[in-house]
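The chain below stands alone and is given as structure tokens, in the form predicted alone.
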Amino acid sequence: MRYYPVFLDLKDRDVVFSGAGSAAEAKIRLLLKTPARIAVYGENPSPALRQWAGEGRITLAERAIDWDDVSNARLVYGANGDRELDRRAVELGRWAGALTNIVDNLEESEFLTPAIVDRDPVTVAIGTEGTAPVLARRIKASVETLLPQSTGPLARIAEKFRPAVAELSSKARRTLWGRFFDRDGALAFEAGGKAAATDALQRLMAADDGEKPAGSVCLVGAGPGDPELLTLKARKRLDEADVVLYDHLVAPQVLELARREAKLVSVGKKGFARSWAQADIEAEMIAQARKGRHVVRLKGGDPAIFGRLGEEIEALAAAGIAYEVVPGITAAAAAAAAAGQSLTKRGHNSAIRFMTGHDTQGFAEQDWAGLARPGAAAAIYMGAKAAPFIAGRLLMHGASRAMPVTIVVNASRPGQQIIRSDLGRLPAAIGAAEGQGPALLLLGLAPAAGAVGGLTQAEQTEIHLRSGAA
């Protein structure tokens, strides 16, 4: 490690720039977040520097830097883009006892400016010793996703309570701060800001004195299967969970993102097969939450689309259990992306219906007359077994046998298949895909030519021939 990372206190200190162009502007933009006094010397200042000077955020002199300008400097930057001017600025800075930096000149600089993740007062600095700035930016982007905007405010709240928490045992302190920063405080801040987060910390402190901590349930959309399509908030909730109750459509790769200590319970319901009753799932969520645990109810796709979200919310509310809903990418969006299609298309369909192939009474009845009209489009969930019924109903109501239907199997997952069919041959095409994985039907939409992730033209033709669809 050639460069030793430190954090400089810039309160009431001067930071001086020689050069007033874009190079200085990029560095100053970050320094404006500090209490430093920023002085800039150089001709032809950039518009941003002129604006900041007009707002009183920096001082600006359109001339070359001189000895007196650096007398109280803590940092001096050479940002002229001119070798001799920058070297003179560095010479002046070193004479004054300041640390010096020439922008984009590693060898003649005494310090480097790292990539920074700012969650004031929490700051993460990332450096690669100038070897790979692009890598530093990629790491910065990753860290940004791990630290929500609430990190800084929560740290400020924690600062005020440190003396009181210091009286607890070391184990109790670790547990309390872990729950505050990772779960209770973060959730409260999202819901009600600093006041709610402060109340959450006070409740945690009271719980440590003997009161049982409150549990909660988070109803999370796991997306269509690809773990990279999981939202950042969903990943965070999985990492915080004590218990994860998951459906059979949740991909194993998504479950691997749950924290190692979490208890994983499969509560999947599968059509025409033995499965958990809905009432039992609701009872399990409530029982685990009442034990003070944080429960993630993990559902494939989006929990609000054919995920029985309403019933579970009602049960939790009736039991007085705090809950949160984290939406996910629904299978229809993933299937349309795989097929290279838009769910709505100007001049073709201005609306799309999300519908299910069957409900609690069996095959689901729909507005068949409306769906049979030219230009109608629908995303049909759980429609594989109901395909003959759906095709029959639509044909009875005047739909064309040539109405396009795209079948997407394992949308976004390994083994994804895109099968082109039409309404007249839908039952046979579904038969060819049966057993390969979850299938979603896009009624009225044909796959685009060369859709990425689907079957090759030869493979599609083979399925067409086997199914009688060609």
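Note that the coordinates shown come from a computational prediction; the quantities given were computed from them, not determined experimentally. All residue numbers are counted from 1 along the displayed sequence.
Not on display, but discussed next: the form predicted together with a small molecule.
Listed residues Ile38, Leu443, Leu49, Ala439 were compared with the small molecule in the predicted bound form; Ala439 is the one with a heavy atom within 4.5 Å. Between the small molecule and the residues Phe189, Phe180, Tyr381, Tyr246, the one pair within 4.5 Å by heavy atoms in the predicted bound form involves Tyr381. Just one listed stretch, out of 260-268, 281-289, 323-331, 196-204, contacts the small molecule in the predicted bound form at the 4.5 Å heavy atom level, and that stretch is 323-331.
Contact check for Asn410: a non-hydrogen atom falls within 4.5 Å of the small molecule in the predicted bound form.
Although the partner is absent here, Gly300 sits close enough that one of its heavy atoms falls within 4.5 Å of the small molecule in the predicted bound form.
A residue is said to contact a partner when one of its heavy atoms sits within 4.5 Å of a partner heavy atom; Pro224 meets this definition for the small molecule in the predicted bound form. Remark: Ala136 does not count among the residues lining the small molecule in the predicted bound form, judged by a heavy atom distance of 4.5 Å or less.
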